[in-house]
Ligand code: ADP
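As structure tokens, one chain now follows by itself in the form predicted on its own.
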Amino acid sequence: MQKEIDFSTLLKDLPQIISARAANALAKIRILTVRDLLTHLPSRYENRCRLTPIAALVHGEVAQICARVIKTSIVQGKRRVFNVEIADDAGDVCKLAFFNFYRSQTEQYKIGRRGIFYGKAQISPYGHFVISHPETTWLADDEIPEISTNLSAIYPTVKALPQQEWRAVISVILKNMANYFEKNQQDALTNLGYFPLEQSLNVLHSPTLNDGKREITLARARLALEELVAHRLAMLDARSYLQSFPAPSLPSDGAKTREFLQTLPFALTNAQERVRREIAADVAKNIPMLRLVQGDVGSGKTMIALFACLAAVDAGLQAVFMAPTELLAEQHAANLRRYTTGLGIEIVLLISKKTTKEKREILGKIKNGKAQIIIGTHAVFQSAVEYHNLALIVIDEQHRFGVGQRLKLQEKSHQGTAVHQLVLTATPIPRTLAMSNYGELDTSIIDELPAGRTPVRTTVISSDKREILLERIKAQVAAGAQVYWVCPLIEESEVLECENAQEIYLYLQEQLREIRIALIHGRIESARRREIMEEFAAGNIDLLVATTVIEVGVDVPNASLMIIENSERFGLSQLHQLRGRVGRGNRQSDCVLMYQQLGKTARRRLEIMRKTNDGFLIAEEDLNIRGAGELLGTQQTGEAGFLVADLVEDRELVEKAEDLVSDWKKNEENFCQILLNRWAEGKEKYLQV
């Protein structure tokens, strides 16, 4: 007996409904379950609700014809063409043309065979209508064609799966889910006026002529809201799971922290002090802290993280600070050691460039607890690293860690206990994205730059005025400052008319012979890249020509001019991150955005950059322009892979989902579980690594 079909049913387990060939074709585009199939919405719809007589065909318009094959031929010209002549009941004739065809295909078009032919009609140079590669549905001799009253869904093309078969598979699955829909017909969403689930799916996959854009929009909203609610529930479950373990209580005013505050050579900004107190209140509890700190480049996030680390040290426990690159890890280690001079704190740096002997010694200190603050890349969580008493993990979110990965770090604490987690990001995140991708974290914002920081001035100029910049570079270097020149490509591209780093490097060497210039890009071996950045940070290089590898780079306060080649090719958030490489010292700093050709979108981007230094405003604009996938990075590990919801289009639904979850967790517990099963099955296990 066939098991009842639900959203989690695997397509390969439905041989009576879907052929193995179709299941395999769908699997190639990662459609494996009924959920995947039903939420893979059509890209568009076609109106096949009427037949068009051949005499009524219009050039360039799509038509559906009921006719009989009267003649076939294969014409050999520049390429082979299979021609078919068809005639309708009125005796009018039209041609079909196939430029890519197989023998088995030609054999279907037998003289006298009736069918329905669908495609775009075009007038040939000879004056007759031709339809190229029509979609064909064959009819029996005496069969009366059934013309659907529903629009035909068109799905992204999949090899070996014709559109008719795709539609047929979805139709039969929806029919076989009648019991499932019957049991779940009335729910909290239909009570709010949304379409029932079955109606929503039918409208989206097979809308009637009467179902206009409004009905399709409402049906999609039902599914998107379900998915957003389920995702929010899963995030809260992840938070509850992690916070079900006790964490050590860390003092906010221990001896090391008090001494550090007294010796700090500058005052914290009001925003830093506010966030420091929020973190201190979190770690003082026996409940694990899960907090995201957002702050623009240079806002002082590292200093706030150091206070959290000192709280762990004051409790006699260990803290880990994970940086995205070895170079940044080295810089963090140097800065933290400088800040904590005289406090008697053992800070160790664990990176690959250490010798085997050095690594062995560091691992020993971590295991016996002598190392109090451990700094490194993701290597600090490899199996070889054993912690004595880990209490706090600080993660620089340039790693783009997903929820599951963040929770996996829990394994480094003692069994049955949890660690406090602090996530830092220099990329301001719009609220909708923060809710969806960091939903298990509380959020703090450092929205103030340290005193003495002068906002970076931004100008936009055409690339044909490059010579002007040569004089600016000479003046900057003569004044003892340093310069970045960023290019989008390493080598020439025939596709993108971008200046490349190699070419610009050679050009600048020729034009600025008296200036020390270096080149850095992703294809240079990592150890050499590190050496170049160290030389630049030490002031031994005046002008650094680079690709975007410097986006996540070391702090060089002496760099006061950033020139970005082909700035129209970059996203807003990336431009903002690159601009943040300058303006970190006391000098007035400038960012010059060069362009070759400006389209409407590029012009909008550069105008925003020129007008504001507000990272949160820029992130919101970038979300509007590029969408969530590009802004977050579509390959991001752990990214919330929404099937229906769109974090840009559905921003209002994201807010609504959060409100609904707050209510439903108390009053609709059964429906919450249904949604988790429907949308997030497996996600809970994934989150609870």
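All residue numbers are counted from 1 along the displayed sequence. This one's a predicted model, so the numbers in the text were calculated from it and none came from an experiment.
There is another form of this protein, the form predicted in complex with the ligand, and it is not shown here; the text below is about that form.
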Per contact check vs the ligand in the predicted complex (non-hydrogen atom within 4.5 angstroms), the hit among 260 to 268, 591 to 599, 565 to 573, 237 to 245 is 260 to 268
Which one of 587, 291, 529, 301 is close to the ligand in the predicted complex, taking close to mean a heavy atom within 4.5 Å?
301
Using heavy atoms only and a 4.5 Å cut-off, determine which of 508, 348, 297, 306 is in contact with the ligand in the predicted complex.
297
At 4.5 Å between heavy atoms, is residue 339 in contact with the ligand in the predicted complex?
yes
How about residue 272: is it within 4.5 Å of the ligand in the predicted complex, going by heavy atoms?
yes
Contact flag, residue 453 vs the ligand in the predicted complex, heavy atom cut 4.5 Å
yes
Please run the contact check for residue 503 against the ligand in the predicted complex: heavy atoms, 4.5 angstroms, yes or no?
no
Does any residue in 61 to 75 get within 4.5 Å of the ligand in the predicted complex, counting heavy atoms only, and if so which ones?
none
